[in-house]
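Take a look at this single chain in structure tokens; it is the form predicted alone.
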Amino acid sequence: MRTLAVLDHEDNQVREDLNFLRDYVMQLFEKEMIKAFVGYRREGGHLIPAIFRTIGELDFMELDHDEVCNVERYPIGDICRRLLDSWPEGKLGVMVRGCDERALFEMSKWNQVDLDRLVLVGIACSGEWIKKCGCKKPYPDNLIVGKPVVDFTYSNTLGAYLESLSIEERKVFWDEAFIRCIKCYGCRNICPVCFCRDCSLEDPLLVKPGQTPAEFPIFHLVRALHMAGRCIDCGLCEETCPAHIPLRTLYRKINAIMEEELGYQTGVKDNEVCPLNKV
């Protein structure tokens, strides 16, 4: 049980973090470095992404310290893409976690966002969230709020288990997983790097309309191939899937192949472009 002294200390830390976050964003507004800020606000008992257009509106960014580090996850990269497409001019500030930052880095290489029009305000994920998520890099490069947790062990337990199986046993595993699919398209819709205007998953020559589950294994393998060189391992697809299909394990395997065979890592801010993104 935590003592009152510990709680008082934590409350003080909460105020310091929140004040620092607001002060930092206020300075971005005052120095005219941004025209608006994409953060979070409480709506109906939930935290949802919101756009703040003035300093005064920042008072509605009502987060406590735990929420800053454990904020509910959304496809922030895709939200930024849509805002930049419709925003007339100027830069947008945006609160990002490590996975959000990786998504934006990768999206910029596919010409989906202009990083020069974004000011990233990084928040570190908490140790509790890291244990739940298993992210390789749970903090952004431009870290503003929170302490980066670096002393954790990244593990892909399910992936390692599948690697120990024979090809036939793996097929049985994925047969049982994919047969649960209700073809809701949640994995595609939540993904920040699913940005094709014409989706192959809606091509009647590949995926038969109205058939549930989709004919094995074409639906998920088509999407897995499209994730090659794009997936930034945020896990939103698996988190969203109502059938609890371990999609993240599948895409992690695709990422591993990309790195081993083509030497490409997704979500890294460098001058490397995915070999599959070259004409």
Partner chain sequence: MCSGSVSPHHILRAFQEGVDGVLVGGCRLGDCHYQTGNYMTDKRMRLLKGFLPFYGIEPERLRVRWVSSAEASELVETISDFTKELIELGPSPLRRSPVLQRVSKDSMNRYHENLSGFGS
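What you see is a predicted model, and the numbers here were worked out from it, not measured in a lab. Residue numbers count along the first chain shown, from 1.
Missing here is the form predicted in complex with the partner chain; even so, the following discussion is about that form.
- Candidate site formed by W174, L205 and I245: every one of these residues places a non-hydrogen atom within 4.5 angstroms of the partner chain in the predicted complex.
- Taking the partner from the other structure, the partner chain in the predicted complex has no heavy atom within 4.5 Å of any heavy atom of S126.
- Not displayed here, the partner chain is approached by L158 to within 4.5 Å at the level of heavy atoms in the predicted complex.
- For E261, a non-hydrogen atom is located within 4.5 Å of the partner chain in the predicted complex, even though that partner is not displayed.
- In the predicted complex, none of the heavy atoms of E57 sits within 4.5 Å of a heavy atom of the partner chain.
- Among L47, A50, L28, I218, the residue placing a heavy atom within 4.5 Å of the partner chain in the predicted complex is I218.
- Taking the partner chain as it sits in the predicted complex, the stretch 221-244 comes within 4.5 angstroms of it through a non-hydrogen atom at L221, V222, A224, L225, H226, A228, E238, A243, H244.
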